[in-house]
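Heads up, what comes next is one protein chain in two forms, each shown on its own as structure tokens, labelled structure 1 and structure 2.
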Structure 1
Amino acid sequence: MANTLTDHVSARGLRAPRFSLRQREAIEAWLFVSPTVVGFMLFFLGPLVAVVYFSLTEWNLLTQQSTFVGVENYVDALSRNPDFWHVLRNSFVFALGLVPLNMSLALMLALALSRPFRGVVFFRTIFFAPVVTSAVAWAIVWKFLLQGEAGAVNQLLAMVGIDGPNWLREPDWAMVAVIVTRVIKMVGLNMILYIAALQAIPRDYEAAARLEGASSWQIFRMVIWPLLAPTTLVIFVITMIGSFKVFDHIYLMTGGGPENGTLVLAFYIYEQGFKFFNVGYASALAMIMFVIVLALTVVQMILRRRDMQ
């Protein structure tokens, strides 16, 4: 009986494993990455393929009738619809106003708050707080603050003798007001990224430059700024993409007005898809916006890489 049991255990111990070590490691690796892969397929690749297909159709969301029209939506947007070019111009104006203002202000704040001093944590918190504030609440509050004569902003300007405009009702000022309020909300994020980059620069570089007699401006221009180039590229790409995707700010503060003066591409896509139910045309506009943002990002990366070399 004892010999039979020993033989049975020995037989089980000598049984070859079902999977080799390499196969088990491969299975474990796929199990670890599978949530990310499934999420990528469901929430990015799948919708992207669907948008590409919808952009080639004339699909009315209300009637649920879909007709394959090829590139007709793209031709209509680029050559027959003057509103598209007006909206595209507004998007570039918004980006060109927001990106330099946001990045320059974030860099100045980071330079001022990167060194330890009494109260530095308080000031960092103050400037970062709008980033985590609800975008809806932020836009609604600023909408009230910028109301004509009753708004708090114009009342403060009146105290110093300045007659402020009706910010959100005048076409020349509405875009400015939207850009500035957006910058105030998001500048804290870029400030934190710049602070992290500044604190990673060894102090020895600055000390050596000072021993050579370099001024503070020369140290920034010749030492700090080149070392901030990778971070600046990341911040530029993030801010540029965010400026083209802005929607909630426009929707809540101006609704695209006045006189379509703040109607940007993301909001125009929303209107075409969910207000006029032209899903096919809205999908084509979304793909055009995707190509524009991708092209701007690639060009910027090539230019920055050339500068770094």
Structure 2
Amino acid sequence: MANTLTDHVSARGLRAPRFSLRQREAIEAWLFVSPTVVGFMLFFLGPLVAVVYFSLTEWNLLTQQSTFVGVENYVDALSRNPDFWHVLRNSFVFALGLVPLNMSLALMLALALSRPFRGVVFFRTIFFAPVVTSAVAWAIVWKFLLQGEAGAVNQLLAMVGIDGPNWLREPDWAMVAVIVTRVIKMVGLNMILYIAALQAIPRDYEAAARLEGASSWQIFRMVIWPLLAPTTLVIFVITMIGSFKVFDHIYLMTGGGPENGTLVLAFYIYEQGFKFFNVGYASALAMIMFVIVLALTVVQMILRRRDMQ
């Protein structure tokens, strides 16, 4: 017994280390990243490959039958199903309504709140508060406020003599309502990103421009705005992607209605997949969403690279 132990020790002492320092580091590193890698393969990469395959099948969960149909679902969406273009149009209307409103408001608030003055913390706190609030709570409260005649918004409007519409029951107004309430919910985030960017601009630039007699507007136009360009680009893409993903807000405030007036892509995917169980079609829709988001991100990367040069 004692003999084998000494054998073992001496053998270890004599043999060269099994792994080089470099190899050891690599093994340790892979142990460090292994939970991330395993989870990533299982819940992201695998599902991503699967959704590509699903999108090429005709698969209804109720009939339990899956047949390979090639690009049929895509053809169906793009050329046969009128709903799809309606939904895509809604998604773009939502994004094109939300993004400029959100970004211009965020910039104005950031310009007002990037310098210390009495009350600056108070205002920043208020404008950011909806960001930390759950979208569900926010949507519920606004749905309540926007009830037809009895809703607080219309009651307030009535006090100043305006006869407000039944916001969430008329297709066009419903879209306006979800856009505006979503902007109020999310604008604080962009405001903070703009404030951070504004505070990074050296004060000397502005002082120098002022010495030369530039007006506030000229300083903004010639000095601040160009320096904000990289931030503006990032905010644009984040906000655009965020608005394509909007789901809970729509689900709770309008349910895609009225008359499908607020039926947007993320909600449509959910509806097709989990309400009507059209797995194949829903997967094809998800792929289309993926391509849109990917295109936006790639455009951003190209613009950023050009920006840096």
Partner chain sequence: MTTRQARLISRTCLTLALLVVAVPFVFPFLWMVSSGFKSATEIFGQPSLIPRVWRWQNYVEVFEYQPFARQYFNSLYIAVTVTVLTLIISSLAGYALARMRFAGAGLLMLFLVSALMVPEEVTIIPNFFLIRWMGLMDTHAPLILLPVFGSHGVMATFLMRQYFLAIPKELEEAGKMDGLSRFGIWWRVALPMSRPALAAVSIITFLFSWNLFLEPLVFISSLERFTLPLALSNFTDSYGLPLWHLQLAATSLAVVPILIVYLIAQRQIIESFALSGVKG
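Whichever C-alpha set is largest while still superposing within 1.5 Å between the two forms counts as the rigid core. Predicted, not measured: the structure shown is a model, and the values here were computed from it. Numbering runs along the sequence of structure 1, starting at 1.
As for origin, structure 1 is the form predicted on its own and structure 2 is not. Once the rigid core is overlaid between the two structures, residue 276 does not reach a Cα shift of 2 Å, moving by less than that. The rigid-core alignment places the CA of residue 255 less than 2 Å apart between the two structures. With the core held fixed, the Cα of residue 287 is displaced between the two structures by less than 2 Å. Once the rigid core is matched between the two structures, the CA atom of residue 43 is found 3.1 Å away.
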